[in-house]
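A single chain comes next, written as structure tokens; it is the form predicted alone.
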Amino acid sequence: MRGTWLIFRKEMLEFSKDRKTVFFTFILPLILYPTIFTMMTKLAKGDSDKQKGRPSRVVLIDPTSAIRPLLQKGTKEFELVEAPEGDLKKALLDQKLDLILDVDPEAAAKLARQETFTLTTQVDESERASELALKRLKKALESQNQAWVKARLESAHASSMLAEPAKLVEQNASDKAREMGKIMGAWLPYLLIIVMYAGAMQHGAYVTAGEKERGTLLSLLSTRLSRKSIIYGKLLMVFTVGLGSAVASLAGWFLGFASLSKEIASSTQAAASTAPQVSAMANLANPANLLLALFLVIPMGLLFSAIIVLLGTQARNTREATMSMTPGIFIVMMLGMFSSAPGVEKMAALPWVPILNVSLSIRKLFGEQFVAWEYTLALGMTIVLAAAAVALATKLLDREEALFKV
């Protein structure tokens, strides 16, 4: 054990000497993620305020003026503009206008006969301004339709309730905080797994194949330390850096979410909509949840580290080691994306699939759907796999051809 600790200290000391590497691994995520979240929030908020502050530009084709008074009444929301020359659709896509509204030529006559007439819209769904114009039109038209129906019922001396035989009252058994927690919990394990593997891979190649390239491996083997101590020390170092980078990124995400919630909450109108996000973050930051998640992440990080050290030591140089480790990133990404897909948590076989069951357990943990037996199964299976990977790596790396492969 003393030999393992000495190797670990040696590798960590060498790692700490490179200040740029330490900065990019542990410090940058704490600065980068909050900055990104803050910038994205301010840009989105600024664009939203700008769009809401100006009326939607509408080209109205209404021969009988059935809808024109409705749009002219809401001068703050709609601006009727003349149709530009050329193709109207191209003008819409070029953002010269926000909405094209074509009204039935017989709209006024049909309205007088109490018949239904149609309105055809053209919008650019890729533009927020166009979506906002359609939303405003639907809201105005809904209010106008209610007024028309009410007038028709009054003219027929009928009850206003005739237009609404049944009224649906919706009650959500869940709350917004729970929904936000499930969304965040779905992506959290995916991001954690990727960051942990990438952080371990980056430094795993350096302390294994890189030591062969630098010619320091022979000097290390000439000491009185056993090969197992050397292997365990390097394994512990790779695991520590991988876990540390994941924790640093996680802290950066939480700071970013906190900044996001604070920015939204700065508007008094958005205070009610912000409460669920704050509550969901409180659930994510719950010490019990974080501790249970950490118990799952540790053996999974050890599993990744064992695989990375094995691949790195088998390689002839750093380039070969990096190439052999890179496919693992895509495998982890695919597994993470699959585990974060909606409805996947209902698959009966998922708790028995390695790595995926860890992601599922973390997802349910933060989504307030904790299942004890699934968590225990994921933890036990990951510990067994990590122990098997460490044992296999130790056995294979103790061979001469692995250590001296050139």
Partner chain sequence: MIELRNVHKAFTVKDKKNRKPKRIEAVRGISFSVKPGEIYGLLGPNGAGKSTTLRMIASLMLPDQGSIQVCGMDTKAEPEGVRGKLAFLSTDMSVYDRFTPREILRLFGEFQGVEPLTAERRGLHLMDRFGMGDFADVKVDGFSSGQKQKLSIARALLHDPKVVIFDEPTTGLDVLTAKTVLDLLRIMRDEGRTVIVSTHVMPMVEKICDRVGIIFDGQLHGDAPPRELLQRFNVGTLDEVFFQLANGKEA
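Being a predicted model, the structure only gives us computed values, none of them experimental. Residue numbers count along the first chain shown, from 1.
Note that the form predicted in complex with the partner chain isn't included here; everything after this is about it.
Think of it this way: in the model of the complex, the partner chain has a heavy atom of just one of Ala109, Met323, Leu218, Met161 within 4.5 Å, and the residue is Leu218. Interface residue among Tyr206, Phe239, Tyr232, Trp253, judged by heavy atoms within 4.5 Å of the partner chain in the model of the complex: Tyr206. Taking the partner from elsewhere, Ser222 is found to have a heavy atom lying within 4.5 Å of the partner chain in the model of the complex.
Interface membership of Gln95, defined by any non-hydrogen atom within 4.5 Å of the partner chain in the model of the complex, is ruled out.
Using a 4.5 angstroms limit between non-hydrogen atoms, Val384 is distant from the partner chain in the model of the complex. The partner chain is not shown here, but in the model of the complex it comes within 4.5 Å of a heavy atom of Arg227. No residue in the set Lys135, Lys139 and Ala151 has a non-hydrogen atom no more than 4.5 Å from the partner chain in the model of the complex. Although the partner chain is not shown here, in the model of the complex the stretch 90 to 121 places no heavy atom of any residue within 4.5 Å of it.
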